[in-house]
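Presented as structure tokens, the chain that follows is alone, the form predicted on its own.
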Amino acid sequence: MNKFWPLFFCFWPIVAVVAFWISPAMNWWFPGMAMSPLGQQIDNLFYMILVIVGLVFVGTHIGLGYVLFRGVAHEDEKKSWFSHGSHKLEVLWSVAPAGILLFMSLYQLDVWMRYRVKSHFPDEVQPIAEVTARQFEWRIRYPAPGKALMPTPQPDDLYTVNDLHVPFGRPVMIRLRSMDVQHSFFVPELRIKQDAVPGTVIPIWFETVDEGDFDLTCAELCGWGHYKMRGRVFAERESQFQHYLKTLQAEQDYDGVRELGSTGAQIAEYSRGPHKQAGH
């Protein structure tokens, strides 16, 4: 029974190493592969922190297990040893963690600046939509096809709810704002998370590496309907994106009298997949 605690503290680092080893194969890891170049860099930061924390965790438990095993092996020795401590050791275990934290802080600055600092945004990035969070939906405003997004709504702007369409393969920007309380724009597959703050327009840029559709959720408790504040981000070819805007424009301009060919009345069906057939 005296060996229980030494074995107990040696058992958990083994479990941790095995769990981290098999997690990717068991889908216990990130919510899928990062679908943006910036998201891949963010994943690398997580891996770097994981390695540092993992080594410290395993190392301290090995040391703890060794001390406990020594105590069990020499339990007949009743003599104790008293020490006022070691000034050198205290300096070491204060400076070492501070140095590691400083290294991590400096190492992530490049990614942070690319994501958050406007002067480091890609030169060619332009806002393609304005996303307004409100209880409990995402309202999206696009400019008319061929026009630039203006800071204030224009008569020919296009509107939709919960479905954000973007072209893939190039950097794009959205303007994020909140109509009421604080929300949080979160797309796990793209590794994007940005709070929507009332009274503030926040630019978010990202680039998807391939076409697909991704979950858009609110990551800030914003009221009783927070759980149902969900949307989708559709990354598609440039031609499909332009076709979507024209389809949306056709629906908004439809007066119920004219014959409508490719009607925006099928936007819901469009978002579920038929638009993808046009690109193949």
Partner chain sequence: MSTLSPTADVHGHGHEGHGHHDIGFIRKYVFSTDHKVIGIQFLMTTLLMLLVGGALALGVRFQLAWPWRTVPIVGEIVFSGEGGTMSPEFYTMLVTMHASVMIFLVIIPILAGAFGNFLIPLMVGADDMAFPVLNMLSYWFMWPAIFFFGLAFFWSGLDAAPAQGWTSYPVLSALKEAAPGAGIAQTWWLMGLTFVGVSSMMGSVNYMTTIINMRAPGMTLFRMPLTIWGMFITAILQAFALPVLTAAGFMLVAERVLGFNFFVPGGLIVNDSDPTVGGGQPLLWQHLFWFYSHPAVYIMLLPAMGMVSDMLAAQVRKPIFGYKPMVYSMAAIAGLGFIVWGHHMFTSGMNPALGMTFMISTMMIALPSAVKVFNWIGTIWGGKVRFNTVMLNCVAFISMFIVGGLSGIWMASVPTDIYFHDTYFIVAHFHYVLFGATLFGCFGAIQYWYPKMFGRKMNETAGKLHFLLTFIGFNGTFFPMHMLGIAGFPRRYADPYIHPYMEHLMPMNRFMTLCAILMGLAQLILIGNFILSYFTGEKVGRNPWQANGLEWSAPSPPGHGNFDIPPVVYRGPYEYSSPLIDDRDYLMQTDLPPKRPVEKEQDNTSSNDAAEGQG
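Positions refer to the first chain, counted from 1. All figures in this text were calculated on a predicted structure; none of them were measured in a lab.
Just so it is clear, the following notes concern the form predicted in complex with the partner chain, a form of the same protein that is not shown.
Inset, instruction - Decide whether Cys222 counts as a contact residue for the partner chain in the predicted bound form under a heavy atom distance cut-off of 4.5 Å. - result: Cys222 belongs to the contact set for the partner chain.
Inset, instruction - Look up in the predicted bound form whether Pro145 has a non-hydrogen atom within 4.5 angstroms of the partner chain, and give yes or no. - result: No.
Legend entry - Touches the partner chain in the predicted bound form: Thr60 (any heavy atom, 4.5 Å): Although the partner chain is absent here, Thr60 would touch it in the predicted bound form, with heavy atoms inside 4.5 Å.
Inset, instruction - May I ask you to check whether Ser105 falls inside a 4.5 Å heavy atom distance of the partner chain in the predicted bound form? - result: Ser105: contacts the partner chain in the predicted bound form.
Legend entry - Neighbours of the partner chain in the predicted bound form among 130 to 145 [non-hydrogen atom within 4.5 angstroms]: Arg134, Gln135, in sequence order.
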